[in-house]
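Just one chain is shown here, as structure tokens, and it is the form predicted alone.
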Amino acid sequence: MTSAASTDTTLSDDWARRVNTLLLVVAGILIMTPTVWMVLSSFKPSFEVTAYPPKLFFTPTFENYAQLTKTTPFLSFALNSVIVTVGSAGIGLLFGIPAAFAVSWTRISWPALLALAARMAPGTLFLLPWYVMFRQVGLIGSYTALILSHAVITMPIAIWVLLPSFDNIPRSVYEAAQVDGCSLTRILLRIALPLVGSGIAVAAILCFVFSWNYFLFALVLSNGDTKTLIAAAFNFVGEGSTQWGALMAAATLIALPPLLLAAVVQRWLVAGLTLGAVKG
């Protein structure tokens, strides 16, 4: 009886693994198909991008990528995106890290909930006040306006990603540091931060991605000198026609930096996402 039950359990586990593998493969195909189609379309002539049925076999061309550099200051737009994204992600982490530590230390959650509500609100809710404020002080079209407006996106992300990381640190560690005479600032800098390094990596990646891909503020608050890649890609969408090939090439290049950054810090990214998932 014991041997039969053990065999049944083994078969059940084997089938469960097969089903899980199948589900993961199906999910991977569903997630990657649009991305693969976008990349392949960037090497097609524009008239073949919208061809029906889609052409799976075609002669690759770099015409779309050449068009990006010929018709637009693409490198300048890329530099603008880097400046805005790094600046807003830096501000988000600069204020989000101590805010998350303070919420975890005091166990008072309403500031974090307030920040989350600001993040969940539609961007149009902030757009008009931002525009009026920045116009009054002459900052429309400046990096400052874009960085500060994008910080509204990055700061709540940093707070909520880092909260589980700080909560996962045993309270006894803080108490021991207090007994040794450490102030809250030294506890944060010398003890807490080294223990939540993976969480900071995840927060930095997510802040970077959300700011890099955010369209609304970059479209309205920028000008020709500070326009970001995501807003510049909108130039290929016209009233009468859309340059699909160039648009796919631009989308492919826009997607590369977050993907490369995530690949570089993959080890810390996985560790940070699982940190605090199971708490003893």
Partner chain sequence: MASISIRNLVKNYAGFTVIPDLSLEIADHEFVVFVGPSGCGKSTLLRIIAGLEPISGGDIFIGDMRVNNVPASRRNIAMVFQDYALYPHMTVFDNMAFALELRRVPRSEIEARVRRAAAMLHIEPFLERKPKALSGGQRQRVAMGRAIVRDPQVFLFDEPLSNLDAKLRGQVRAEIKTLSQELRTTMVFVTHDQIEAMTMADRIVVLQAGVIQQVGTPDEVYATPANQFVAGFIGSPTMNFFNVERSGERVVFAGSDRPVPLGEAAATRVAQSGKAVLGVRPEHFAVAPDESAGIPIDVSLVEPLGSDTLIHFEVAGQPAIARVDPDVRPVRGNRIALRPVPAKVHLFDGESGQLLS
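Numbering follows the first chain given and starts at 1. These numbers come from a predicted model, not from an experiment.
Another form, the form predicted together with the partner chain, is not on view; read the next lines as being about it.
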item	value
Contact residue in the predicted bound form, chosen from 122, 138, 194, 129 - any heavy atom within 4.5 Å of the partner chain	194
Interface residue in the predicted bound form among 209, 182, 102, 148, criterion: non-hydrogen atom within 4.5 angstroms of the partner chain	182
4.5 Å heavy atom contact, residue 83 to the partner chain in the predicted bound form	no
Close approach of residue 172 to the partner chain in the predicted bound form, 4.5 Å, heavy atom	yes
Touches the partner chain in the predicted bound form: residue 114 (any heavy atom, 4.5 Å)	no
Heavy atom of residue 91 within 4.5 Å of the partner chain in the predicted bound form	no
One stretch from 185-193, 68-76, 151-159, 129-137 that, in the predicted bound form, holds residues within 4.5 Å of the partner chain by heavy atom	185-193
Residues of 137-152 having any heavy atom within 4.5 Å of the partner chain in the predicted bound form, listed in sequence order	none
